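Next up: just one chain, as structure tokens, the form predicted on its own.
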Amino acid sequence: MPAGTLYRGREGMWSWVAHRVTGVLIFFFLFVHVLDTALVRVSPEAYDDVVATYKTPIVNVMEYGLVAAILFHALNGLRVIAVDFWSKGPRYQKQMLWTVVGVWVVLMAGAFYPVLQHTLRTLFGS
């Protein structure tokens, strides 16, 4: 293989992979959300049972993961737009990625208690 043609898995590749993975996870969440919402027309009792399972600590942790996926996907999408449409974007793509990661970490830390407060109170008391 000629030199320079092998992608070595740097930050750009991992950003690309994470963007695709988060996009697929968000798609599956939306698919399940549409199905469980449609369940109310079929059987309101079954819908109530499904919604009751959503109030468990495991699902609450999954909700935090959903927030993480949506937030990363949105921030990285803005970075991709900047890389594609800003003339200096490709030159600064690595710095923009680390900025996205930094902002994502700060926002996820801020979302920790608001999203997980039900689970934290259930596990550790109020």
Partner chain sequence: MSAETTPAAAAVSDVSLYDVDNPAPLIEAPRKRTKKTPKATRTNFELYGWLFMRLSGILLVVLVLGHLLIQLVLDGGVSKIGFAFVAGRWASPFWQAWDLLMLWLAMLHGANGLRTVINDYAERDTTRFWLKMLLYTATVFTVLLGTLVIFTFDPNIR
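Just so it is clear, the structure is predicted and the values come from calculations on it, not from any experiment. Residue numbers count along the first chain shown, from 1.
Not on display, but discussed next: the form predicted in complex with the partner chain.
None of the heavy atoms of residue 95 is located within 4.5 Å of the partner chain in the predicted bound form. Put simply, residue 99 is far from the partner chain in the predicted bound form: not one heavy atom of it is within 4.5 Å. Contact annotation for residue 86: none of its heavy atoms lies within 4.5 Å of the partner chain in the predicted bound form. Residue 90 falls outside the set of residues with a heavy atom inside 4.5 Å of the partner chain in the predicted bound form.
Scanning 41-55 for heavy atoms within 4.5 Å of the partner chain in the predicted bound form gives 41, 42, 43, 44, 45, 47, 48, 51, 54, 55 in sequence order.
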